[in-house]
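Only one chain is given next, in structure tokens, and it is the form predicted on its own.
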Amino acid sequence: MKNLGISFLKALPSIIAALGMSSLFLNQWAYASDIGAELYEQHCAACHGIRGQGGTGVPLALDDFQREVTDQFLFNTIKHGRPGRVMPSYAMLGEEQISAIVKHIRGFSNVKAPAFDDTPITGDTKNGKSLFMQHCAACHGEQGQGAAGTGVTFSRPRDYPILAPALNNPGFLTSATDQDIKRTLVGGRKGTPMRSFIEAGLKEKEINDIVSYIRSFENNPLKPVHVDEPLVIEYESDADLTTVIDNIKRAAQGKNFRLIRVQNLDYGFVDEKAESGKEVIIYFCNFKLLNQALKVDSRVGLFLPCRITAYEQDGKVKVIAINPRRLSHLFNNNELDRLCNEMYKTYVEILEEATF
């Protein structure tokens, strides 16, 4: 017993050190878990749900999703995002922060994640294209551009919990290995419209052909519709303010817009008798266009209905409208870019007619 006691005393510093290291490890794990939850709630929950149940973003808690995607896929997706789609890049976060988010996402399910495997898959790209058009294009688009909209209920079929993602996308192709894509095709995603291609009757060689075709998108990528634009569109007129306002109303109605209201810019901020009357906002709307825009991206409601402001300055009347092209850049949605380009053209036509 004496020798045992002496041995124990000699070993005590090592035991204390080991316990200290274990405590440090546990504290670091707890810290990573806490910071991951905090970062997820801050950056991800609004779209993917507080428990990964999905919404605008994909449901991360689905067992099939967790079973098919690697930690590296999640890491790369968070880092690179999906250019031109709703998912932004979080490259501003550090590697430890992104890893903490990945760890938090893994806590949504008890399913074991697959091992990372970047072994390339070789297939018949020509046959893969034919199979893609037959089995994939209806959901993912003929060019792999993904389903239209943002994923919110209003912009997708109500029985779909998710919109099909864009496969012809630099963020996706950078994040997903060939093996990642194949696992999804083989296993499908229960709880979403994505079925198992094996259960649909395809052979493994045919699945490899589809993977090969999807990978070929890297050689012919879709380009996001992003351009540098001023914040507002501005014109000037020699006519008086009342005339310009009447011209704006007439021009908007000529473009099939319905006038909603005309109000002073300082309405509600000062007493009605104190309103200057020299800065006036004209609101108008085309409800068909509004409905179309909301289906493309419900966030467009932040800058609709349409409005033009007319005001007097230095003996001139100026008219300005917010530039839809500039605003669309904030939403990372190529489809919205195209719609905002049309809105921009309409604004310009109304402003030109009103100030001619």
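Since this is a predicted model, take the numbers as computed values, not measurements. Sequential numbering from 1, following the sequence displayed.
Below: the form predicted together with a small molecule, not depicted.
- Residue heavy atoms within 4.5 Å of the small molecule in the predicted bound form occur in exactly one stretch of 119-127, 97-105, 277-285, 248-256, and that stretch is 97-105.
- The contact residue chosen from A113, I233, L167, L241 relative to the small molecule in the predicted bound form is L167, the criterion being a non-hydrogen atom within 4.5 angstroms.
- A heavy atom within 4.5 Å of the small molecule in the predicted bound form is found for exactly one of Q72, T184, S237, S212: T184.
- Although the partner is absent here, R307 lies well away from the small molecule in the predicted bound form, with no heavy atom inside 4.5 Å.
- Taking the partner from the other structure, the small molecule in the predicted bound form has a heavy atom within 4.5 Å of a heavy atom of R189.
- Contact annotation for I260: none of its heavy atoms lies within 4.5 Å of the small molecule in the predicted bound form.
- At a distance threshold of 4.5 angstroms between non-hydrogen atoms, N323 is out of contact with the small molecule in the predicted bound form.
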